[in-house]
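The chain below stands alone and is given as structure tokens, in the form predicted alone.
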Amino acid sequence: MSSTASDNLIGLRFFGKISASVSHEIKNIFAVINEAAGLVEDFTLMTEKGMPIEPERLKRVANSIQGQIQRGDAIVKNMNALAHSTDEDIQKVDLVEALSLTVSLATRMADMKQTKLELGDCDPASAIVHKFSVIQLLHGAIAIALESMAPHATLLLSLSAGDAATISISIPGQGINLKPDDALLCLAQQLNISVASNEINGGLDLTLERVD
């Protein structure tokens, strides 16, 4: 298999992984809405039998449905943003936006490990890169960190911008030294992004050339 074909397969697997996670979340949303619809049906049967229904009970059901719709809308918007990140090979990418999207896409993965993702201070910064691949790289770095984290720990992600833009991923207070794996280093090299362990906080620093 050629290097290009292998890279495409890895990217496709990443997209499939995210799609599976998103579809699972949407399925859960449908389950909650279906349960709420069942309650509305029960209330209808009660009124047909002349039993009074407290307005507050109906209001709670309506709020539950509306909340799930808003949650589903946010999930679909994130998935749509990921899909459109493949529109161009190279483009000017808002790194704060890309980082925020990646955190949203990785939230379920963190939830399954009983951990949290937190977006810290982020300086405005952009770079000329392949947006989908940057998201893939960030997601991979988050996955490596989550494997090392204890339950209820928090993964902090931040972005500092000077001559270059550096995305920092760390686990405050855990005393864990994160190490990039070969797959992450290979993808970073293709994107001309430096990945290094931070000797001070034990995290990972991803550094790339920024543009105004």
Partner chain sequence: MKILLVDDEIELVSAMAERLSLRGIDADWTDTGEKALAMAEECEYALAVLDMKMPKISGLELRRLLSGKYPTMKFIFLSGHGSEADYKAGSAEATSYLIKPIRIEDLVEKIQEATQ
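Computed from a prediction, not measured in an experiment: that's the story for all the values here. Positions refer to the first chain, counted from 1.
Omitted here: the form predicted in complex with its partner chain. The next part is about that form.
For the options 161, 39, 144, 149, the residue carrying a heavy atom within 4.5 angstroms of its partner chain in the predicted bound form is 39. Checked against its partner chain in the predicted bound form, the residues 68, 166, 174, 154 give one hit for a heavy atom within 4.5 Å, which is 68.
In the predicted bound form, its partner chain sits beyond 4.5 Å of every heavy atom of residue 181. Under a 4.5 angstroms non-hydrogen atom cutoff, its partner chain in the predicted bound form has residue 112 among its neighbouring residues.
Although the partner is absent here, residue 13 is not a contact residue: none of its heavy atoms lies within 4.5 angstroms of its partner chain in the predicted bound form.
A residue is said to contact a partner when one of its heavy atoms sits within 4.5 Å of a partner heavy atom; residue 186 fails this definition for its partner chain in the predicted bound form, lying far away. Each of 27, 60 and 64 places at least one heavy atom within 4.5 Å of its partner chain in the predicted bound form. In short, of 97-105, 84-92, 112-120, 126-134 it is 112-120 that has heavy atoms within 4.5 Å of its partner chain in the predicted bound form.
Of all the residues from 187-212, none has a non-hydrogen atom no more than 4.5 Å from its partner chain in the predicted bound form.
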